[in-house]
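In structure tokens, the next block holds one chain alone, the form predicted on its own.
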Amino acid sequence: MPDKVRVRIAPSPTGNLHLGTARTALYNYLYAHRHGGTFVMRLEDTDEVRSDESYTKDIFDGLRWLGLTWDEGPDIGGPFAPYRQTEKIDRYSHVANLLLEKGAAYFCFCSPQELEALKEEQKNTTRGPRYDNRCRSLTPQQKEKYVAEGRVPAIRFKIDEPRVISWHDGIKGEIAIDSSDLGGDMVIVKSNGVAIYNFAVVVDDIDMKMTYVIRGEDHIHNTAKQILIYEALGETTPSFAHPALIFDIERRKLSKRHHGELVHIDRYRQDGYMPEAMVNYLAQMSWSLPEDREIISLDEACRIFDLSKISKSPAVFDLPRLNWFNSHYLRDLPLTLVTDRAQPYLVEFSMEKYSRQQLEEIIACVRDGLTMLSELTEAVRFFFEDAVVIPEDVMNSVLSKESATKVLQAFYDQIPNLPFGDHAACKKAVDEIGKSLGLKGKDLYWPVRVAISGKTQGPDLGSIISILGKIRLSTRVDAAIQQCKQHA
């Protein structure tokens, strides 16, 4: 192994950050940190039609939200800049000319119409569409004729057949690909001078001294093609590892086409998922954690990550499973941090009603019931409302009873004496009322809960009472008593 491990994530800014790309970035990040190496960000932005800076921002923001910061990249520089393919056109042209000089590549004058006609001819063949290498042996006279016609050639790389390209994959073990399955000689530079992915990525990985390439198994045939280019350039190939793809529970590849925003990382940020939960979930989707563990921090994962423990089978994205992780982190992360992250979901409320300490107490008493922070707005609404709206059905089922009025009146009388700030003692005060009236369970707690929150279910009753305070409690309970009387 080289002295310095170097890995990279090389997204194309033609779409938002995908769950699969995020997991690939995570594995590269973990590998780099596990081996004291360098994690590089590189943009494969040569698709001039679909590339957009808004996608670049989405990718960068999403990875940083997950905590996957890089050591080198287009926004921070580094010793092997540039990190955008559009800034390396001259470099690709130079290397392509080297391959032409070596006889490993040649000019292809085929028009788009001719290539489309070839595909049509091959539609019913068992081998599938492939280039027939017709321009490999053009005579000088034929080339001159095409140039005179105004044809601008592409550059194709020669793929000799028969040939088996093999390598040891860090996840899948031994892989062997027959060169006849690679579709014939491949374009490496289009007629407009733009380098094709399989060529540009090799040049980039050579220039940036990549030692390990970790990317999805949908790149396995690309890897075979790229190994041939490394050989033609006389360069040593990096090591490769191909984690299996992510499927949905119906065993379909997770894609924007079939799953829409479900695959977009920023959807989870907006919904109030914890980045720690997403990282933990993505890590364990295919990685067998030691000792059957489920919860692991990013820092700890960096210390123990092992490519050999990545499953060869497809991962399955299970939203309820992710929700389980997120619920855990909502409960387990420091309350101050969760409260900070909760701010965007509280903007419609008048925050001056509560101190920071009280706000943390509000978050603490509701977070056990949350799956994601976007649910927080409705969960805490009754804390901020000036008056509680009691639904008619709840009024009929809970506050219409004679005992409910007794409970509320007794509770109202006790409000001036309640030990606000002591959640448990506030709950105990309600218990004492129950003892004096001979009531318990729903008959005791529901009238109080409905009067002060409008709901029969919710956070710890003592916490609600303690946080709301004397004035809010008095106003709400008195209003409920008057409603009880009117209803009677």
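Quick note: we count residues from 1 along the sequence shown, nothing fancier. This structure is a prediction, so every number in the text was calculated from the model and none was measured.
The form predicted together with a small molecule exists for this protein as well; it is not shown, and the discussion that follows is about that form.
Visitor: Which residue among V201, I265, I362, V189 has a heavy atom within 4.5 angstroms of the small molecule in the predicted complex?
Guide: Of the listed residues, the single hit is V201.
Visitor: Which one of Y197, F157, Y412, F317 is close to the small molecule in the predicted complex, taking close to mean a heavy atom within 4.5 Å?
Guide: Of the listed residues, the single hit is Y197.
Visitor: Sort through 213-221, 328-336, 230-238, 291-299 and report the only stretch with a non-hydrogen atom within 4.5 Å of the small molecule in the predicted complex.
Guide: Going by heavy atoms within 4.5 Å, the stretch is 213-221.
Visitor: Does at least one non-hydrogen atom of S12 fall within 4.5 angstroms of the small molecule in the predicted complex?
Guide: S12: contacts the small molecule in the predicted complex.
Visitor: I'd like to know whether E44 contacts the small molecule in the predicted complex, with contact meaning heavy atoms within 4.5 angstroms.
Guide: Yes, E44 lies within 4.5 Å of the small molecule in the predicted complex.
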